[in-house]
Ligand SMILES: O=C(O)CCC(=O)C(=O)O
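This document starts with one chain, in the form predicted on its own, laid out as structure tokens.
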């Protein structure tokens, strides 16, 4: 291989995500990536508008009891929204995922749209994503990509190094009830009561920026106190070659209850396509 080409390839990869960023992701469990998807914001805006006009059966919208604006959510729509598919397969997100996970492959897990309308009073409680998902393993990454300017006070908040504790905390529904019956996992500690004891990672963000975070990281998000600006977020979840399926009896989020996989199986089904190979 031509040496000049190799040097250019190394430079290109360092522009996408540097070794320092990879190390920081592995250490802290969450990092900010500035401007990495700036050229895809318009595409994702069109896709989210299409989705909100025609939600899937998995749509979960929350309407606050105080009468403030709704919090729209929907999952797993990449196979019917062309703009989402275009971004997943044709942007550089799969290669970035591969590098952050230290994986030979980047396998797409699912998409998740979160739109907090102006003034919505609904906060996203502190939680980990992994116990909701039908997967297990350390090779994973979730991208939180805002389509609107986001101030730090309403941005996603991640607890640094919380993915390294080895603890998986009990998943809850939005109303505070346990997601699974007879769940013996540990309750999540009272984060807000002891907030000053944690290193909270959060940032001011612009469209095109992204937060990459581990499925095991404890995270949450405040209500959208901005009464003039929406908080539209496209979230994309990825896993590596060592990640395996876990049967959560169709109660996870998303449930994927149509799959015939067993706990410990590789995710070799059309729902989870391999988008990038690093070999």
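Positions refer to the first chain, counted from 1. Source: prediction; values computed, not measured.
Below, we refer to the form predicted in complex with the ligand, which is not included among the displayed structures.
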{"query": "Triple contact flag 116, 129 and 219 to the ligand in the predicted complex, non-hydrogen atom at 4.5 angstroms", "finding": "yes"}
{"query": "87, 108, 78, 71 - the one with a heavy atom within 4.5 Å of the ligand in the predicted complex", "finding": "71"}
{"query": "Heavy atom within 4.5 Å of the ligand in the predicted complex - residue from 248, 28, 230, 237", "finding": "237"}
{"query": "Touches the ligand in the predicted complex: residue 124 (any heavy atom, 4.5 Å)", "finding": "yes"}
{"query": "Contact label in the predicted complex: residue 201 to the ligand, heavy atom within 4.5 Å", "finding": "no"}
{"query": "In the predicted complex, residue 156 touching the ligand (heavy atom, 4.5 Å)", "finding": "yes"}
{"query": "Answer range among 90-98, 116-124, 160-168, 186-194 for contact with the ligand, defined in the predicted complex as heavy atoms within 4.5 Å", "finding": "116-124"}
{"query": "Residues in 17-40 close to the ligand in the predicted complex, defined by a heavy atom within 4.5 Å, in order", "finding": "none"}
